[in-house]
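One chain comes next, on its own, written as structure tokens: the form predicted alone.
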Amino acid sequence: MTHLRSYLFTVLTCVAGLLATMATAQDFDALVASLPDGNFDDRAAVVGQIAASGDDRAVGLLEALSDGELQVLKSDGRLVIVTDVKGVDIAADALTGAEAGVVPRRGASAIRVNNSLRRTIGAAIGILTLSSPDPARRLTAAEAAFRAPDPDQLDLLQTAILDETDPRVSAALKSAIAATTLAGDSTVADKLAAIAILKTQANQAALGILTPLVAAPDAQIAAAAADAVDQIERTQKLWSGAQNVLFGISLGSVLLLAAIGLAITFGVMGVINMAHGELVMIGAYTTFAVQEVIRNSFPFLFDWSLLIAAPLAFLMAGAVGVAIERGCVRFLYGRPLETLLATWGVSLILQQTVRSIFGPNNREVGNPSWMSGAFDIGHLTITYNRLWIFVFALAVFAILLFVMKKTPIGLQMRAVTQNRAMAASMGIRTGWVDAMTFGLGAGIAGLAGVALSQIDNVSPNLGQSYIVDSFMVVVFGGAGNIWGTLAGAFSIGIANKFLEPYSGAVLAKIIVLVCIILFIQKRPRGLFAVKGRAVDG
């Protein structure tokens, strides 16, 4: 008798579960059938109920609704998902997936959605993915629920956080629950707890949720929200300043690469090389050529393309630099105006040569996988390409410093810089030193082109964007002083980024230029003047 009762209980449980499943399916079908009815707000409410149902068909159906593929057949009023297959519209039943044939032109009308409804749909799809085995998808779902809080989904979020094991997803779910609590009719105590959670977020989304609550009827909620808004705004200002410093360092590393080669040639020889920007351009086009060869013949080497291009760009730009010095500049020493005009003419020749070979349009230079993407530190977002350019700039600076201080050619360069006549009388071939110095500066400009190809358009006009800034860095830091170039590059970069939010990019450059002019009036030799008899005399 006991076994019989147990058997009957099991049967009744299975039947009850089956009936509940059928009832849920019927409820889901009824909700889907009601989507074409009412206005956008009515549809948003139905979307929330569909998400709460947890039906396996919900994600695909909501995605079709958001994309405009969920349509109503005019012939029989059926809801179908219409997809384009080789120019032909094919319909499938929205609930069963059974093929419904070809849809004639104007044979179906799409269920209309607006931007607000699309956001609601996105949040609903996110909620439905909270049970995904992939932590990344769960994180995306929690973030979507935070951005578009729906009080009807509060129970689902609270259930999801109980089973969550990933710390990042759990933190995102806490924020989503807090935002959803504030959007509903929760108790004052729950809302105060939710405000305390969002107070720690310090991002724009949390600020957008809390700001309207400053005018809440309840005095406790309004006071807590006002305090949270004030703290978030203070924190954002601190992070904004840190972000400006980061952007300034990034710009400074680019200016350092572009200017350090010019600092050598200008400091040693006093030559105003207007073709320096075109040497940077040659480095960028060398990178493009290397990547084209790798794409076409050795695609498995693409992640190594920049490491292959860097020495080639140095040699190519360096060879062009030596050719410019031997063929033009060496006849014009001591005549700065003629040197400026001659190198400006060389720059035009180099630009036109590149246009004739590669064409006038921008060329694509890809990012290797290790330079793609970004990561966050607190509220700072750091891209890998900018980070690696900063590391590359410091590496180039360190190598150049070693060459100048620890090698014979560096010793000779410094000797010529300090006193050319004395160096010549000591047996140093100043002409050869000039050629090697020009070649070294040009080669470093080529390395700058490799780095700039990752963040700027590779075109014949690439170098023109950096030539003025390079001269500013060199003059401000002190002509011929490598440490001065480093200080000048990062000082100008950070100053620019702090001024841009208030004055705009163009006016910020003008203000920096005026400040440098005024500074040079007081210190004509820059931050770090080069010492020596010839210079001092």
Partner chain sequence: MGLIDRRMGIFLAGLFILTVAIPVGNLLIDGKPVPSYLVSLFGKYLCYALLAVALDLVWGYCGILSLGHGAFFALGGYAMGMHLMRQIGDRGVYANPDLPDFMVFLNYSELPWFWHGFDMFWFACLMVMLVPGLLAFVFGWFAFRSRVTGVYLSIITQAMTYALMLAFFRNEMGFGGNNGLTDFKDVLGFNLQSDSTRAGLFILSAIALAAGLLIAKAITNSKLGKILIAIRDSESRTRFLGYRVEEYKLFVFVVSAMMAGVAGALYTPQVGIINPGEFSPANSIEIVIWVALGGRGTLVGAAIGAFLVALTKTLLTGWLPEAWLFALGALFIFVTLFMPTGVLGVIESTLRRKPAPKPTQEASV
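Positions refer to the first chain, counted from 1. Quick caveat, the model's predicted, so the values are computed rather than measured.
Only in words, not in the display: the form predicted together with its partner chain, which the text now covers.
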query: Region of this chain that lies against its partner chain in the predicted bound form, out of 483-491, 470-478, 45-53, 28-36 [heavy atom, 4.5 Å]; finding: 470-478
query: Contact test in the predicted bound form: F331 vs its partner chain, heavy atoms, 4.5 Å; finding: yes
query: 4.5 Å heavy atom contact, F266 and its partner chain in the predicted bound form; finding: yes
query: In the predicted bound form, T353 touching its partner chain (heavy atom, 4.5 Å); finding: yes
query: Distance check, D93 to its partner chain in the predicted bound form, heavy atom within 4.5 Å; finding: no
query: Interface residue in the predicted bound form among L238, A395, A219, L337, criterion: non-hydrogen atom within 4.5 angstroms of its partner chain; finding: L337
query: In the predicted bound form, the residue from A98, I349, A189, V85 that sits within 4.5 Å of its partner chain by heavy atoms; finding: I349
query: In the predicted bound form, residues of 495-528 near its partner chain [heavy atom within 4.5 Å]; finding: V506, L507, K509, I510, L513, I517, I520, Q521, P524, R525, G526
